[in-house]
Every structure is written in C-alpha cells, then in structure tokens.
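Okay, so here's just one chain, in structure tokens, the form predicted on its own.
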C-alpha cells in the first residue's frame, strides 16, 4: 500500500493569526459538492458560503455543484490526473476514504483537531457511528462527518391506520404488511426498495447486517460477500419482488422511489433520511418513519439492520501540486464552519440528513423541528445499532464487483439457484484484489 502523509506542522502554523484581513490577498477555496436527494442543496450551500465569507472577509468560498457522488469523484480524479489541484474541500462519499488515502490526494486532520481549544470534546460531539467511516485502521482521522445519513423506512401512516396495521419490525412482518397494502390491480405496491440499476450495495447492506454479517469489518482488507448471511440476504431482497410480489421485481430506481411514494404508488419505501424534508413537505398524507426491518426476528422479535451512509468533508492536497499552508488553514476553517453545531442543526432541518453533531439536536432550528416532527429522530436513533458503510482497500474496484454481482441476482439475470456460485466467484475476485494488503 502506498500512502502519502504530509507533515503539516500545524501547531506552529496555527499559533499565528488565523484572521485573514482584507489587506491580505484573498484566499479562494474551491468547494465541490454533490447531491443525492431532491432538496434545494445549491441554495443552501450558497447561503452557508455567504455567511462564512461575511465572518471571514479574507476567504472566498467558490461552491461548485458537481452532480452525483460518482460524477464528483470522476471530476476530482480527472483534474488531479491532468496536473490540476482539484478542489480545496469536497463532500465525498465516506466509502472513498481508502481510495483517496492510497492516491495521496487528501490530508489527515488530527493535527488540525489538536489545535482546537478542546479536541476531545470536538470528537466526542459527533455520533460514534459516524466516525466509523472517517478513520483508517490506525485511528487517524481523514475526514469530518457532514452530509450523513442512514436509509430508513418511510410509510403511509394514513393507510396503516385505515387498515389497522402495525409498523413491521422484522422481515416476516414486512412481507405480511406489504402484502396487505399491495393492490392487485397494480395501482399501489406495498413496498419499494431502490436496488434497480448499478448501485444496490447500500440497500443490500441493510439486509446483510440484519441477517447477521456486514460486508465489512474494521479491517479494510476484509470483505464478506460469499457468506451464508449474504446469500440469505440477497435471496430475501430478490424474493420480495418475485416470490412475495409485494414490490416491483428487480426493485425501483433511486430517484423515482420517493416521488412514487408521495404519489401514493407505494405504501412503504426504503430511502435515505436525506429525503425526509422533501417527502414531508410534499406528501398529501401523514408520513411515518421507522428502522429498517430487513432481517429475521431475533430474541427481542426485531430484525433491524442499517448501514451508515452519506458524505464527509475532505481537504485535498497532493505532493506534486501542493497548496500553501495559508490555503490549507482556510480550508480547515471552512470545514469547521460546515461541521459546526449551528450549521448542522440548520442542515439537518432543511434536508433531513442526520445532524452529525450531538449538540446540534439541542439547538434550533432542529430542536423545534424534531419536537414537531419526531420523524427526524428515527435515523439519529438508528445510529445506535447501525453498521459501517462499505469501505475497503481498492474500494472502487471492489464496489463495482459487488454492485454488478448483486444487480445480476436482483434483476433476475442470474437465477437464485446460481446465486451462491456467483457470490463465490465475486469473492474470489475480491480476495485477489486484496491479497497484497493482507
């Protein structure tokens, strides 16, 4: 493994003034951000940039919307490969962590955190589950939680009340409730899960975790795809559409699922909590939210399982095209601002993403919003049992293998009778990629 760590000497650097006066040359911070939800992200980010610049007149924030997470990663990689610097700061998937570390394009943040008045309090104020994908195996912090989520279940509470149904807490209950809410004429599905297309891994992780074995552990050289739990998980997920007939066979598309739910075409959906505010603002019925009931009933009768998800804040710098220390200091100030309790409280309220700071839930606007709409607390509370989102060495290549394999099975291109062999073949490819890291 090749790893680049730039020794910043931050303590000495930050001992000087971090106040950028207008007499100094203005520092521009290029900030790349994606979105995976239907919310006015562009306007919100620009508001934050304007607030920050008013407080820091010597720093100019240049927000650049870069499309999806995948498009953002491709843009960054293309710019850096072409000799450019890429962004100063970017919101990127937590699952990109090891790829960025190996490529040597991001910096560790421990030295910056150490300069804070109370570094331990800063770290402790983030939900522990959100640090799982922010650290490497040695405990070094490489990114700060920002645009974080878990998938949750949204349900039409009016339909539940009308039919006298209880919210499902395990897979058997999910099947039964979804069957009761599915209309035979096809006008409404009991359930929709967005696993159609090229990225089923996140929703699949809910089923894998709930069946007893996550895809990953704390060791980034371990991936668990060829396991009895993974086979049971992909079988259950696929059969919801084929055998049970309570959701479209092969699942639904990511972007179509929330709109179908709001339109009454689905009684329950799995989707990111980042869609919560948009769904609440547009649904003509009472929206309920719940933990994901993706697995068999355990000792307490529940079968919950969910991964964390979303994006973190990364500061970019490369040895071939290094940034000045002043540029890096300004980037860190912007990261601190976005991760502050005040911004996180506002961000969580306006999008539905989980406010990553624990203290953000005790201040307005999120405090009042959560009191009025307790749906906001479900994803937060689910963090107590949430598993690590997929992350490993060679993450992009391995995710491609997993996504392709799952898509073949879920879509029906590979029959379930051959699923075990297909998973074994994929595991062999993954193990081959990871052999040098073990």
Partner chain sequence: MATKAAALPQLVDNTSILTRLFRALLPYLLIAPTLLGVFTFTLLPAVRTVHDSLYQPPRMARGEPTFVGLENYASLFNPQHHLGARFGQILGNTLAFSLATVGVSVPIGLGMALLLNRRIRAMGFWRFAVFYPSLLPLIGAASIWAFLYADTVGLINTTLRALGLPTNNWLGNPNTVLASIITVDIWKQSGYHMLFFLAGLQAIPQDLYEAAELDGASYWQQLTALTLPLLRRTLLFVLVVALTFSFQTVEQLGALGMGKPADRGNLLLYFIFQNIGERRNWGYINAMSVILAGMLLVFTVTNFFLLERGREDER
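Positions refer to the first chain, counted from 1. In this text, the rigid core denotes the largest set of C-alpha atoms whose superposition between the two forms falls within 1.5 Å. What you see is a predicted model; the values in this text were computed from it and never measured.
Beyond what is shown, the protein has a form predicted in complex with the partner chain; the following relates to that form.
- request: Just one of 367-375, 399-407, 25-33, 47-55 has residues with a heavy atom within 4.5 Å of the partner chain in the model of the complex, so point it out.
  value: Correct option: 399-407.
task: Answer yes or no: in the model of the complex, does the partner chain come within 4.5 Å of a heavy atom in every one of 74, 319 and 425?
output: Every residue of the candidate spot has a heavy atom within 4.5 Å of the partner chain in the model of the complex.
- prompt: Quick one: does residue 413 come within 4.5 Å of the partner chain in the model of the complex, counting heavy atoms only?
  reply: Although the partner chain is absent here, residue 413 would touch it in the model of the complex, with heavy atoms inside 4.5 Å.
message: Is residue 186 part of the interface with the partner chain in the model of the complex - any heavy atom within 4.5 Å?
response: Residue 186 belongs to the contact set for the partner chain.
message: Residue-level contact is defined here as any heavy atom of the residue lying within 4.5 Å of the partner chain in the model of the complex; does residue 192 satisfy this criterion?
response: Residue-level check for residue 192: yes, a contact with the partner chain.
field: Contact label in the model of the complex: residue 245 to the partner chain, heavy atom within 4.5 Å
entry: Because no heavy atom of residue 245 falls inside 4.5 Å of the partner chain in the model of the complex, the answer is no.
message: Going by heavy atom distances of 4.5 angstroms or less, which of 251, 86, 295, 220 would be at the interface with the partner chain in the model of the complex?
response: Of 251, 86, 295, 220, the residue with a heavy atom within 4.5 Å of the partner chain in the model of the complex is 251.
task: May I ask you to choose, among 302, 213, 265, 226, the residue with a heavy atom within 4.5 Å of the partner chain in the model of the complex?
output: Filtering the options by heavy-atom distance leaves 265.
- request: Scan 414-436 and write down, in order along the chain, each residue with a heavy atom lying within 4.5 Å of the partner chain in the model of the complex.
  value: Heavy-atom contacts to the partner chain in the model of the complex: 425, 428, 429, 432, 433, 436.
field: Large Cα shift (2 Å or above) at residue 166 between the shown form and the other one, core-fitted
entry: Not so; residue 166 is displaced by less than 2 Å.
- prompt: With the core lined up, does the C-alpha of residue 320 move 2 Å or more between the shown form and the other one?
  reply: Result for residue 320: yes, a 2 Å-plus shift.
message: Using the rigid core as the reference frame, would you say residue 263 shifts its C-alpha by 2 Å or more between the shown form and the other one?
response: The answer is no, as the C-alpha of residue 263 shifts between the shown form and the other one by less than 2 Å after core alignment.
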